[in-house]
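What follows is one chain in structure tokens, specifically the form predicted alone.
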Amino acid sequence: MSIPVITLGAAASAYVPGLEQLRGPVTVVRRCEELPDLVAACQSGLARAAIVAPGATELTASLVDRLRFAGVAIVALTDGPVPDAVEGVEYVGSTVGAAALAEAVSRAVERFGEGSSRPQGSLAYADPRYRPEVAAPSPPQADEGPADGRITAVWGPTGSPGRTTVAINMAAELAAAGTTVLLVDADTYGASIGASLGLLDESAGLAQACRIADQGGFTGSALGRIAVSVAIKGARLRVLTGITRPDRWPELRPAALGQVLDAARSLAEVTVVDCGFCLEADEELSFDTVAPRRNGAALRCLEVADSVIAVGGADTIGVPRLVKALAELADAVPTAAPRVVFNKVRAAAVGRAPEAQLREAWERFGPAAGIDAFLPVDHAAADQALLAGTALLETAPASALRIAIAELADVPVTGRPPGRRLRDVRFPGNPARLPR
């Protein structure tokens, strides 16, 4: 079996005569001095492996995924020990003989071909050129030791249906109930968790975590040092703030973000992620080159999440938007099984008996999945929490909205008004109590 190889850097090119003298399967087809030349040659299908010299380029998780998507295994020459090895790279010393290097190349190619035909670990559905019918990602194992935390993605269509409000208050309810929680702002269009909680920090915690994870060897303890700790009702909620400007979206590469979320499983029992709304393929990807994907962050979060909360607005615009968005979600991430939640439910926008109206409309026009929860509108309570920079359970513990979100998070509510059951919700404009 012939293995065509591309080299990058002078030290890697120096091995060419020795590899050719072996007359083995490894054949050098091109020598590259710059990284763009290497990437272009790999994407053209010219090679099955690349040998990278020390100092020729910085090997990151994003670069490795980019080359692996092109079908190229990577062998990196090192001058010493590798403190933070990047997953998917075969490391060998820069002083090894040509025969040992050829064996390392063969080993890397063999390991590369052992997995499924889809990109491993970080691209998956986040790259729209991957066809989901080829293979599905393996579900998280329940017995993974310390890294067994669950990830909940809060997502919804455009139009401000209340994704951030639901994400913040679900995380706060879980934290106050004694669960270790990490709240992540992965919205590449309008990150707002930091501002909602009064965290006027310009560091962009998630971007910082992604930069470190891109170097390899990222752990839950490293993530814990980056996350901000927020006091919620006597408990602590860890928060990973989002990007401070929308134009910083290239810092949230799917490969690095995937490693951050993997580390989150070992840091917290539950990780709540506020996702961006858009799932469509980026314009750059209509061409043959691999480019940064603004929507790759949302797709990556939805792909690795154990559960997805799909939030839609309860009005004549929000309902059809959610129906269309769920169809897009099923096409983009077919493994996702979203729980449908209608937010801002009010009789003035839907009509008398809004729950019954929404259920009837959903049964006629919506997907097969039923409605999981109704969250009543409570502008006063939401404004009060936003002004205080905290969650509803601190500023408006008796709010119907707070009670409904607590139920969605499966957290028992204490201190609610006497006589009101958890599932009893009053909607503005409709004095009737509507048990579900």
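Sequential numbering from 1, following the sequence displayed. For clarity, every value in this text was computed on a predicted model and none was experimentally measured.
Not on display, but discussed next: the form predicted together with a small molecule.
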### Query
Within a 4.5 Å heavy atom cut-off, is Thr241 in contact with the small molecule in the predicted complex?
no
### Query
Does the 4.5 Å heavy atom contact test between Gly205 and the small molecule in the predicted complex come out positive?
no
### Query
Any chance Gly162 has a heavy atom within 4.5 Å of the small molecule in the predicted complex?
yes
#### Entry: Exercise: Ala41 in contact with the small molecule in the predicted complex, heavy atom 4.5 Å
no
### Message
What I'd like checked is whether Asp187, Asn343 and Ala382 together line the small molecule in the predicted complex, meaning each has a non-hydrogen atom within 4.5 Å of it.
### Response
yes
### Partner-facing stretch of 63-71, 48-56, 26-34, 382-390, counted where any non-hydrogen atom is within 4.5 angstroms of the small molecule in the predicted complex
382-390
